[in-house]
Structure formats: C-alpha cells, structure tokens
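Next up is one chain by itself, shown in structure tokens, the form predicted on its own.
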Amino acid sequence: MFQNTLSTEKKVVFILKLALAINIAFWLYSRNIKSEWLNVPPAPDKKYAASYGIGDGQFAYRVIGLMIQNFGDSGGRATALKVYNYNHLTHWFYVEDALDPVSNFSPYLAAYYFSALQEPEKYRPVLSYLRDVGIRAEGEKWRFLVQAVVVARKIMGDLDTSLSLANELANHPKKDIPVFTKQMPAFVLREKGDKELAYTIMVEILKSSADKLRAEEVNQMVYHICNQILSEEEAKKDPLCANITKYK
C-alpha cells in the first residue's frame, strides 16, 4: 500500500511539472502577442442600442460612452486619434444621442477630446453632430456649436464651414446666451478678409444691444473693432474709436 501511495504522489508531481512546463512554454510563445485592433466598429441601429444595457437605455448610454472613450486604448494599447475611423465614430455619437439627448458626456467627448487629432480634416463628420446638438435651445448645448465653429476655423482652416456654423450660432434659438456668440460671424469674416461686413455686424450688435451689455463687454467689442477690424488710419477717422488707445 505504501508503494501505491508513493507511485500516486510521483504521478501527481509529474503532472504538476508537466503543467508548469506547458504553461512556461505557452507564455514564452505568446508573451509578445497582442490583440489586434480593427479600428472603430460600425455602430448599431439606434433602435437596438439599448441592448448594450440589457434593455436599460441609461445603462446602455454609459456602457457605450465608456467604450467610445476607450476605443483603441485597451489591452495595453495606445492609439493615436488620427487613426480612428471618424465616420463610424460619428455614428456612435448619434447612437448615444438617441439614447440620451440631454446628457453632455458624449458631446464633450466629441467636441473637446476627439478634436485633438493631428489630421484635422478627418474630424469633419463630427462637425455635423456638434451642429445638430449645438443648435438645440435647451441647457447650454450652444457651447458645442461654438466649439464646432472654432475647430473649423482654427484647427481645420475651413473658413467657409466655420462661417456657416457661426451664422447658425448667431441666430441660435436660445436667446439668453453670451453676446460673443452673435459676434462669431464677424470674427470669421475678418479672417476671410471681409472686414467691411465684419465691421457692420459688430456695430449693429452695439446699436441693438449696448444698453443690455456690461461695460466690459461693450469695451471689448469697441476695442476689437478699432484694433482688429479697422486699420490704424481707419480707426483714427472713426468716432467710435476716439477714446481707444492702440496697443503696439
């Protein structure tokens, strides 16, 4: 019986050693193998989006939001934003919007995280999403339209698209938003070289709204007109600039 017990122990030890050897061999073989990221997958139809949360739309919104936030950056990977498929990514944002049009989580990701890519032209599909969200009157959605104007103007260098978005911002259905949103078309027009129209817009805003604005807002607008839109010679002749000092 002692011999049988000893034989059993040897078998157990042998099996353990064999398992350890197989484990070491497998680790040596697979240690440099990483999962391959196939880029942003196509988004599901909006009517099936809640299935990501087992039928709970709010849970699905959060699950998908975290998934979007970490696309390409899982499994020990770090993927540059310029590699992402922005057409697919935009569809995911619209899916999130269908699940929860009130939350600002996904619009913030779209506006302030994914816009920081090295090849800005790829970002163009997202501008449509930011426009659709930013034109809404509820809450402070207008901020996302402001970001769309800025990205198109400053990052993409597309002044025509920026002007189109800026005009929508200036005519936003929400009335109690900062006055600078009305000035955005003038900023873009000045950069396009149409300083006459930019001047007209700024002066009309002053005429219609000066009594409703704080003194610093009025001063900022006058300073912009006299230092950014008008040339030094033009500013000297314009009564609006009589008390404005040029900064060299």
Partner chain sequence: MLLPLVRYVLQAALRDRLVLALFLVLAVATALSIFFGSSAVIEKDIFSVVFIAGSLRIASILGLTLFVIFFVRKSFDSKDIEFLLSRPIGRVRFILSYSTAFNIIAVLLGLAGIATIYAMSLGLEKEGHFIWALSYLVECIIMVNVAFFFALYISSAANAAMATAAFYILGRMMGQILGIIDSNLLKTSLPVEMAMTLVSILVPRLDLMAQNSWLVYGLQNPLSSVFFVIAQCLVFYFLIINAILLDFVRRQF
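What you see is a predicted model; the values in this text were computed from it and never measured. Residue numbers count along the first chain shown, from 1.
One more form of this protein exists, namely the form predicted in complex with the partner chain; it is left out here, but the text below deals with it.
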Quick one: of E168, D158, D100, D132, which gets a non-hydrogen atom within 4.5 angstroms of the partner chain in the predicted complex?
D100
Exactly one of Q69, S208, N39, S30 comes within 4.5 Å of the partner chain in the predicted complex through a heavy atom, and that residue is Q69
Which one of these stretches, 145-153, 116-124, 102-110, 86-94, sits within 4.5 Å of the partner chain in the predicted complex when only heavy atoms are counted?
102-110
Joint contact, G55, V63 and E216 to the partner chain in the predicted complex, by non-hydrogen atom at 4.5 Å
yes
Contact with the partner chain in the predicted complex for A50, defined as at least one heavy atom pair within 4.5 Å: yes or no?
yes
Is there a heavy atom of Y223 no more than 4.5 Å from a heavy atom of the partner chain in the predicted complex?
no
If you check in the predicted complex, is F59 within 4.5 Å of the partner chain, heavy atoms only?
yes
Which way does the C-alpha gap of A215 and A170 go in the predicted complex, closer or farther, given it changes by 3 angstroms or more?
farther
Check L163 against E216 at the C-alpha atoms and report closer or farther in the predicted complex, compared with the shown form; the change is 3 Å or more.
farther
